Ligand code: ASP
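In structure tokens, the next block holds one chain alone, the form predicted alone.
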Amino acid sequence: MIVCKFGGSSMANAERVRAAADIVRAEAGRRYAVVSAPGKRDKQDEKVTDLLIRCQKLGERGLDFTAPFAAVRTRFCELVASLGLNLDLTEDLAALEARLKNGATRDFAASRGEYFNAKIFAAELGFAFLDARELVAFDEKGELLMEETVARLAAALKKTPRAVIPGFYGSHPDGSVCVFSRGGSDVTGSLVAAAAKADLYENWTDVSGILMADPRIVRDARTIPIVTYQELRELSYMGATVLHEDAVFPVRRLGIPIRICNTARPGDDGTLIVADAPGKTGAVTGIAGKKGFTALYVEKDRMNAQIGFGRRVLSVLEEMELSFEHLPTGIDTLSVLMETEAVRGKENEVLSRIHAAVGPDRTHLEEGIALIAVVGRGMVHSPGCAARLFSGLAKAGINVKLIDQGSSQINIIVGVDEGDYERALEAIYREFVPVEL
């Protein structure tokens, strides 16, 4: 039993849809498919979801959205015609246009790309179409109700041997459409895999797996053959975006592996994501990072002897609705890493409240910090990993501003100046991954 999800790049035009359909047909176990909305056909193209959101914004203000909606209609009608399907979307598209004129919500508009694409893919395969609106449950606040969703899906799949389900959306208790964050079709696919108790969840996209580093920085970055759920979470948080970071949760508890595959190169091995990876492994699985952090530095003599000091600092941030990313500490020092955009405009208030709460000897904020995570389940068994990491940075002449290691010991995070970010990531990769001749 295999559940497969096809991303927007895999469904962008008729040729790619046919290729995706051929992949499904090639293996009898691929009984359920989840699809995204059509992606870009080329660099100048626009995603269907973006067009639909633009229509909604214009319609909400009573403005004309004829041009973007015509692009949406043309895109789907051309897809149906090119595939030679006996499928008429005229009434559905007219109903959508009328809905947009009469105050459709942003979530409803954003979901229609997946809705129409799933109908088209179901027609191409000869599979049933199951509307995610009736199967994926959110609460009033937009939080996924995982248990209820899996139960609904399991009941529907039990009665439907082969089906296509649109990704990305579900519904609130009142029936109104609710969407995941961008990339949420990955989560839908994971939920379907959990409900089907699949042996494998395949996520088909435009890359042959997850790379060890950002290919825009490290052009010859290798593909990761096997990565654990825990490692993937660390890499996804730090910017490795091949798979939505929440997609692991529905399948992890059932031990269902995920394989990242390339629709254009179906023969490639891709990356297998598993609960645990036995056997020998290199020290480092992957390296990822991102810019845009601000550090709050707090210093006070004998801080370690003051009970509740850290709690009071974090309480200030909580009251200001600021979440922290990392919390490196020393005997008399405490550093709090936050996203710069969240802090911007609140700098003076943060410092004044911290002074009032804990009376520090010194405190200041520093913007322009980039974080790089070096992740690997093999690090705990490989002496000298930290030494190699800092040696690589030192050889590149890069100053390390902060260091943080997770309690799981599968990652080390370093903070560097944003201006050094690209060179730092490259230097770390070269230290751990030998150049292939």
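Numbering starts at 1 and follows the sequence shown. Quick caveat: nothing in here was measured; it's all calculated off a predicted structure.
Omitted here: the form predicted together with aspartic acid (ASP). The next part is about that form.
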Site test, 231, 285 and 378 vs aspartic acid (ASP) in the predicted complex, non-hydrogen atom cutoff 4.5 Å: no
Heavy atom of residue 190 within 4.5 Å of aspartic acid (ASP) in the predicted complex: no
With a 4.5 Å heavy atom cut-off, would you call residue 37 a contact of aspartic acid (ASP) in the predicted complex? yes
Residue 101: heavy atom within 4.5 Å of aspartic acid (ASP) in the predicted complex? no
Would residue 184 sit within 4.5 Å of aspartic acid (ASP) in the predicted complex, counting heavy atoms only? yes
Go through 31, 47, 401, 54 and name the one with a heavy atom inside 4.5 Å of aspartic acid (ASP) in the predicted complex. 47
Testing 176-184, 357-365, 138-146, 249-257 against aspartic acid (ASP) in the predicted complex with a 4.5 Å heavy atom criterion leaves exactly one stretch, namely 176-184
